[in-house]
Each structure stands twice: as C-alpha cells, then as structure tokens.
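As structure tokens, one chain now follows by itself in the form predicted alone.
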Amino acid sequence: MAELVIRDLHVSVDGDEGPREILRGVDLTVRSGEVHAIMGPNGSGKSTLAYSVAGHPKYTVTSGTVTLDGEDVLAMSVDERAKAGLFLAMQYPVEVPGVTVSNFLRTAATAVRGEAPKLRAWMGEVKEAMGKLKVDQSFAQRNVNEGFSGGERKRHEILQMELLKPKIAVLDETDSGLDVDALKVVSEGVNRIHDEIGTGLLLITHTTRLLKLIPAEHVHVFVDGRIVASGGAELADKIDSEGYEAFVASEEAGAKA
C-alpha cells in the first residue's frame, strides 16, 4: 500500500518585497485507495500544495517533510517523483509545440516504467485508453495541448494518468473549464483508474461540483495556507450550504488571539 505523508510543510514564494509564506504547516496523509479532497476559497494555498509536492521550482520548501512510502520526496527531482509514483494533473496544462501526444505519452511511459514499451502493444494500450475516455484516435497526432479545448486538455491529463498508473495522483481543479459532458467523462476516467489500480487521489477544488461525481471519504478545509478542519462527505455538504465564511472567520479569530 502506497502512502504519501506530509508533515508540518511550510512553503514560500519570492515576491516584490521578498519571500512570502503561503503554506504554514500542512499535515496530511493519503494512502492507496483513498480519496481526499482539499477545499477552500481562492488564494488559500491549495494549488501551492499540489505544485510543491510535484516539485515546481517556483515554490521553496522552508521546513517540513514529504515522503512517499518512507522515501524523501523533497530530495527527488521532478522526474524522480514521477518515477516513484506521484502524478499531478494541472489546472492549466501547458502547450508543448512540436511534440505529438503519441510521442509525449510513450516518452513519459518509458521514463516511469524504466524501458520503452513495445510499439505494437503500446499502440493497443493507447487506443484502448483513448476509447475509454471517448477521445478520437486522431488526437494522438496533435501537438500536446496546442489548440486544445479545456475538455481536451483535461482528458489528456487523465489519459496520462491511465497509462502511467501512479500510486498517488494530485488533481488540481480538474473540473475547471469543463462543461457537464466533459466533466462526466473525465470523472468516470478518474473513478475507473482509482477502482482498477487503487490509486490514492488528492482532489483540489473550491466547489463541491467535482465531488458529486468523484466522492471523497476525507474532506479537508484549507484556509490561509493550512488545514483548519477535516471530516467526511458531510463536511463538503456543509460547505455547499454555508460556504467558507465560518472557517475563514474562525481562522482570523484564532490568529488575533
């Protein structure tokens, strides 16, 4: 069983007036087969957590630890984190001009698996995965994310996830920019991967829209760079009906005390 453990994580970014702390002591454990949701208002640091775990150079970890199956994630390069079984689906996937989806996926699979998949078997694997996500086969010959719609970008992220089979996947605002039909297809893909592979999921979102399709047993409320409340699905229901105001007010009161 895979286990991602985050302990007392503090992260800063450089600003015009010097380093600014965004994460202020995050504690979280995500295991294989579990679905966790990080919810919170915009600007609370949710995406910073995702990118810090993935190794984005913009973010500086000033203290704390992140381990995957006991191994120090923070000591790993970005590609080493992927090889270890971590996966990040970005809110705004970037374009990679001149690189086809087919070549990108095979290169990623080669890096993660340690050897290049045999071409005929690989083509069958990609075709099957595309079929599950209702992606046209011509998609494979397009350049990565170049001219893609929001739905196509997100389907490509889940296509990667399906083929790389990560231990732990962090999905940052996966519902952003998706219409109802695209969200349904993407959510079905995530649920299928979770059920078949046992991938542990960390869903980052500020609404309950995604959680209606990908149920989370563990819900955490993020305010001002740290988790201020945790619970089950009932916590998401409370947020849906009452919003984040009470959590923000409680955090501000605690800071003044």
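Everything numeric in this text was worked out from a predicted model, so none of it was measured. The numbering used is simple: start at 1 and walk along the sequence shown.
Form predicted together with a small molecule: not shown, discussed below.
Here is the short version: of Gly64, Gly55, Gly45, Gly189, the single residue with a heavy atom within 4.5 Å of the small molecule in the predicted bound form is Gly45. Within this chain, Gly33 is remote from the site of the small molecule in the predicted bound form, having no heavy atom within 4.5 Å. Contact annotation: Ala249 falls outside 4.5 Å of the small molecule in the predicted bound form, judged by heavy atom distances. Put simply, Glu173 is close to the small molecule in the predicted bound form: some heavy atom of it is within 4.5 Å. Interface membership of Asn145, defined by any non-hydrogen atom within 4.5 Å of the small molecule in the predicted bound form, is ruled out. For the candidate spot formed by Phe87, Ala116 and Gln160, no residue has a non-hydrogen atom within 4.5 angstroms of the small molecule in the predicted bound form.
Checking 66 to 74, 37 to 45, 195 to 203, 210 to 218 against the small molecule in the predicted bound form, the stretch whose residues place heavy atoms within 4.5 Å of it is 37 to 45.
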